[in-house]
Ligand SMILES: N[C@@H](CCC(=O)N[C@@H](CS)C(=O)NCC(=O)O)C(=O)O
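Single chain ahead, written as structure tokens, the form predicted on its own.
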């Protein structure tokens, strides 16, 4: 069984949705707010020194972190209906490109902006830094919007990219901004949340 260290609505939702999609047995190990609780950070650091979610203890007892790595591993090992194209599939290069764009370009704006004190020593500079990362995040999302296809990000096949879009558009700048500025991404997110295999995951992580 997979053990997913999770905080409701955080990045662990990305992996929870994939485990649900593949029908893999898993158990959620709740983690308190890592920004507010030193105890939560210390506890999770015993499993993952970065003290971050998602962190997964695999069925063999090993630990995986980094959502892109986990996503690739699950797609290669979970069996039917993988959420990434296989090696040799013409769609794989673009799927990997945009997965890494979401993880290495957009996702870090939260790592930097959510708690600037971890990166910016001068207190007076922290709010401008937070504002700058928030504006960069909007700019990056606008780069993804014209690329997004229909009904899913890369066209007719549902992929892990669509799960990332659904989860990450729940975060700042929030869905009303996306509805105005990124309507294709908004439609993909809404369609993803409505999939029967994933609806319960999104309802748990993002209750009305």
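Residue numbers count along the first chain shown, from 1. Small disclaimer: the values here were computed from a predicted structure and weren't measured.
Keep in mind that the form predicted together with this ligand is not shown, yet the notes after this line are about it.
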### Query
Heavy atoms within 4.5 Å of this ligand in the model of the complex: which of the stretches 53-61, 174-182, 139-147, 154-162 has them?
53-61
### Touches this ligand in the model of the complex: residue 47 (any heavy atom, 4.5 Å)
no
### Query
Counting only non-hydrogen atoms and a 4.5 angstroms cut-off, does residue 107 reach this ligand in the model of the complex?
yes
### Message
Is residue 21 near this ligand? Define near as a heavy atom within 4.5 Å, in the model of the complex.
### Response
no
### Distance check, residue 169 to this ligand in the model of the complex, heavy atom within 4.5 Å
no
### Query
Across 1-25, which residues bring a heavy atom to within 4.5 Å of this ligand in the model of the complex?
10, 11
